[in-house]
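The chain that follows stands alone, in the form predicted on its own, written as structure tokens.
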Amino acid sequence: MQDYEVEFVERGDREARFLVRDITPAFANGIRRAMIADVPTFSVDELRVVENSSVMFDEQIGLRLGLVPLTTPVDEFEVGDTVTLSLDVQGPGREESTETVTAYSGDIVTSDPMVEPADENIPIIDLKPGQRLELEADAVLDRGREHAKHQGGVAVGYRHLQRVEVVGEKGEFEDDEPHILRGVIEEQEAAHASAGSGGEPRNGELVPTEAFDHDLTNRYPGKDLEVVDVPNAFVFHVETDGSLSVDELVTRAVDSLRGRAEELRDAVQL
């Protein structure tokens, strides 16, 4: 698999936007699908309830626990491995109390410190006086194609990089109607381009459209514009649930594509 040019527009631990050049639409969609379906994460799969005197059925609690993202260490486990979690929370001690105690994801105790809730403040259930919830659960490592709860990428998408060029001035009596554009543009107007090392304006800068409220007329008032898709250049927007970082999710997705391509090549050569 050849190397591709990648440039980050925004980069965080759980959310990022990055540009990939010289890839086909089919390959871009393959990366998106791999991030959703091929990268395994831990999620609660089986529940053993010791005591549940709350107002919520065991099945409802199991569904809520299955939606709690769990940290998934890269290359430390294999698909099918399990980690045991436990939760033991009870309501206020005084029967006459009108207060409640909320069980949060941070109250979950894990048998392996490498696998724990990615966020500590996810509410699970409110317990009133005299109520108690005690349970054990098995979290299993599996892929998103088996169940949506194993999808580490909660928002994964891509769109064409678009290039904006100024082709002239608008006529004196032309209406300056909004020109809405969403995503990331590659700017070709020297007046807005950043200065290069030599001090001269440099075209080709990547600009998120929210920088000008998604309206090109705010950035190019009075200009006649041409917007075109840059061939084989796609901007990915990736957000994870915290089970994996963006870097881990993307690299593992690409690794899975590489592995399947190699398997296909070997099979064809037999």
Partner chain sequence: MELRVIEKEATMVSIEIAGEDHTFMNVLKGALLETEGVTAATYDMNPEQSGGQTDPVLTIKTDEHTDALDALEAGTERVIQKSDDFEAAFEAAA
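Numbering follows the first chain given and starts at 1. Remember, predicted model here, so these are calculated numbers, not experimental data.
Missing here is the form predicted in complex with its partner chain; even so, the following discussion is about that form.
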Just one of Leu206, Leu216, Ala233, Ile31 has a heavy atom within 4.5 angstroms of its partner chain in the model of the complex, so which one? Ile31
Evaluate Phe27 for contact with its partner chain in the model of the complex, applying a 4.5 angstroms cut-off between non-hydrogen atoms, and reply yes or no. yes
Spell out, yes or no, whether the shortest heavy atom distance between Ile23 and its partner chain in the model of the complex is within 4.5 Å. yes
If we define contact as a non-hydrogen atom of the residue within 4.5 angstroms of the partner, is Glu10 a contact of its partner chain in the model of the complex? no
Asp255: heavy atom within 4.5 Å of its partner chain in the model of the complex? yes
Mind telling me which stretch in 54-62, 34-42, 206-214, 219-227 gets its heavy atoms within 4.5 Å of its partner chain in the model of the complex? 34-42
Would you give me the residues of 222-251 that have any heavy atom within 4.5 Å of its partner chain in the model of the complex, in order from first to last? Asp247, Val250, Thr251
